[in-house]
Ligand SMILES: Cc1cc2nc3c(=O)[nH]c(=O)nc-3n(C[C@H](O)[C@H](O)[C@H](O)COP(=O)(O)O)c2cc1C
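In the block that follows, a single chain appears as structure tokens, in the form predicted alone.
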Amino acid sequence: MNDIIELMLAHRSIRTYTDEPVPTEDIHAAVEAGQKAATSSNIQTYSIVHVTDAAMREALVSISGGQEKVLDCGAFFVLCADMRRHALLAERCGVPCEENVESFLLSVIDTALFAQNMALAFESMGWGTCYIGGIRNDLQAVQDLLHLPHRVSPLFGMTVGRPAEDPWPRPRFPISMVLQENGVMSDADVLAGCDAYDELMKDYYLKRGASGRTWCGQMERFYEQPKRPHLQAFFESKGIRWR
């Protein structure tokens, strides 16, 4: 064990913040740390928008389903997959810049790795963070609000601020459920592992005042219907081709 691992193991999503702003120097330090994440072939296909305008933040609260922490946090960011600079380079050189599933995956992976490095850096400085997938409720509205150009695609948001809560850490699967050797476990073992995890989560749900709730039941409801089916058309409008 070392300080970095202890910091990572202590992670919790923070959803309630004080009104303390995040200093510019802390933001720059966290972004620079984010840039040190791995990036495929050094393509660096990400951009981050620091949203400081209060009206824009209020609009993003609505887009994200009423998540008031988007407005209340010390800093809010929208993280984007960004292929624009590569397209501009290709246009200048007179060569095509085609996007397909692979290039889209690279952009998403790059952005996620960057964001997680950035979040860890913020947490090392005592700030709390929370990812906001709710902006995908209406990415067209996010694009219009932030005036994002073609080939710059918003993916998710991130709140950052001084924690005003001390939530219980949420248990994860035991290592045996995710670390497997030379293959993966049988379907029966997966289901048995999920049932065992439900037992582990009972205490967590009880502490949160959600007695009787189960992780398996939550997942069953989560995947009953497709999520945000409009996203395919949005990303196609940004130049992605599923081939």
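This structure is a prediction, so every number in the text was calculated from the model and none was measured. Quick note: we count residues from 1 along the sequence shown, nothing fancier.
The form predicted together with the named molecule is left out here; the points below concern that form.
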property	result
The unique member of L145, M83, C130, L139 whose heavy atoms fall within 4.5 Å of the named molecule in the predicted bound form	C130
Stretch in contact in the predicted bound form with the named molecule, which is absent here, among 62 to 70, 210 to 218, 46 to 54, 24 to 32 (heavy atoms within 4.5 Å)	62 to 70
Every residue of S13, G134 and R170 near the named molecule in the predicted bound form, heavy atom within 4.5 Å	yes
